[in-house]
Ligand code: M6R
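Just one chain is shown here, as structure tokens, and it is the form predicted alone.
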Amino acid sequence: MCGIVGYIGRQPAKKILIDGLRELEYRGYDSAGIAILQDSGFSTFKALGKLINLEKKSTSFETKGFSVGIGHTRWATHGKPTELNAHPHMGENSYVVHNGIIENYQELKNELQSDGVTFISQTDTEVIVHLFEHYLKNALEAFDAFKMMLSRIEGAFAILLVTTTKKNQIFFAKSGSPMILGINSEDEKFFGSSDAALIGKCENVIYLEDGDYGYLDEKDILLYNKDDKRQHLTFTSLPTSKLSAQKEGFRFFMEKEIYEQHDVISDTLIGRLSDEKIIFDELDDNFLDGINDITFSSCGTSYHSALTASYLFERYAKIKTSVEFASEFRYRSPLLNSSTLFVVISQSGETADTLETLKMAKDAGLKTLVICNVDNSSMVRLADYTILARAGIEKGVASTKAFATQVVVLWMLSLYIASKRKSLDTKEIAKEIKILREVPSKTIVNDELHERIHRLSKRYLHGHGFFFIGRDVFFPLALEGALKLKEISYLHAEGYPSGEMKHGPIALADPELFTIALLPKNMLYDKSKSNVEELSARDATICAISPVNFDKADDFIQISNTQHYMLEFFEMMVVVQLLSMEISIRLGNDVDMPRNLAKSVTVE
């Protein structure tokens, strides 16, 4: 969830860039940097951690007169959070900042290295600046080299590039990642990843479309579309609310974060998949030495991701796995064995109960691993190993994209361990990796689906409660769906294994009991269908989510027909998130700030 800013004009460029980056902090980042070009050349500053560190590094630097500047906040994908991996990235005479993923970066990097180019970072972004300079050697104009570079890169990107060969210009391109170009009454020009970075600095903006590219200088803006046709400049007025701008047009942060799941899952996968194996640079060859079983400890939504993982670890890695509520585990007298890998999961890395269980495991001499979304958090500092999810900042109290990235990480980890334990062969792992690559596309929210869920939601505002039911990994998803609804709608909801209905809960079945039935085609469909029919026969109101039409359902939400249950899992995840949100909105609740809840639970 990186952020980009750019500026060309005569104001103090450093202040404008850093102020813009500060407005993008909500997107999440682990390092930041700026590069400013004046007649005397480039001045560049990078720092790990928060923007205050960047400000301290650049305290004595100021610009005078005209300058061109670019800045970036980075959330690590390719390469660890280090100053070398922080943007802007440099060539011999140029600097670049980039959001997104260059999918063919390794191919391009190999090509450039064979041509004598030296890389100093682990990032995909550095390929951009070196490829530009490669073409610049023979191009008539720098813009020609920029276009040739664009023709070679594949993936999603928003790019700003500055070079000493054109000291008064910024080159830009957008494909898949957001980019906004702004202008003020003094004809100064700005770039930002969202409106928030531009509010107060300019009045009119162009929201660049995928495939747009061009360059600008102090006087002109040249904009081309994906068909290489020069575009007439059509500006729109900039919103005035920074909070609204951070929501990027969505009604709530939660809604924005549901829609972002496609991007953050892609970020979580990047650099960790080859054709036949899972790559975790964070883990060494001794990671599993002496390990016979795994214990997960977590709370809330993270508990549900751990429970999902328990099915995957035993199915693929063939390793005994248990899942513990951290709030209970810390007050038991658990039998801790040094042959157990102790895994804690937390969005913030500060969850008090989970942190205490990590300390217990460390004190008992267990090998420990944290799955976390925040680098340098308490759990990350304490655990032996860390795998970072890459969800970016999650502002909605009810977790969505953090859950999605946790499950993706854990699925990958189950395959990584399966490979080490040889419980799956190379072909089987390659097949799962192919499925993993499809996950981002299954979390894209289309307008038709969202509108259908919006219309359905009006039926589910009353009654005496909800059952969310599912089998196998769809049981933890049912728990998560029920939790989402409870958190933001304040309606009573419970998640159950489908087969447990007849062992007591079915006594509640009547027309005012709403059942959200998760019916995957690829996982125990007939068994689950039979359980739902038992509820339908007792007049419960059924909302079925499935790729297969279910005639006993009062409402039916159809997902796509796939060949793997985990693809169904992620599609259903989006559906239950949207359904909970739309019910809550109809009830007039503050979706982002539900009563009595905090985002990070740092007390008991």
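Quick caveat, the model's predicted, so the values are computed rather than measured. So that there is no doubt, residue numbering starts at 1 and follows the sequence shown.
The form predicted in complex with the ligand is left out here; the points below concern that form.
Contact annotation for the candidate site: V68, V96 and T165 all lie away from the ligand in the predicted complex (no heavy atom within 4.5 Å). The closest non-hydrogen atom of Q347 lies within 4.5 Å of the ligand in the predicted complex. Taking the partner from the other structure, the ligand in the predicted complex has a heavy atom within 4.5 Å of a heavy atom of A398. Taking the partner from elsewhere, E487 is found to have a heavy atom lying within 4.5 Å of the ligand in the predicted complex.
Within 4.5 Å of any heavy atom of the ligand in the predicted complex lies no heavy atom of T73. Across the options 511 to 519, 298 to 306, 187 to 195, 264 to 272, residues that bring heavy atoms within 4.5 Å of the ligand in the predicted complex belong to 298 to 306. Between the ligand and the residues L483, A158, M412, I153, the one pair within 4.5 Å by heavy atoms in the predicted complex involves L483. For the residues T357, T125, T351, S498, the 4.5 Å heavy atom test against the ligand in the predicted complex is passed only by T351.
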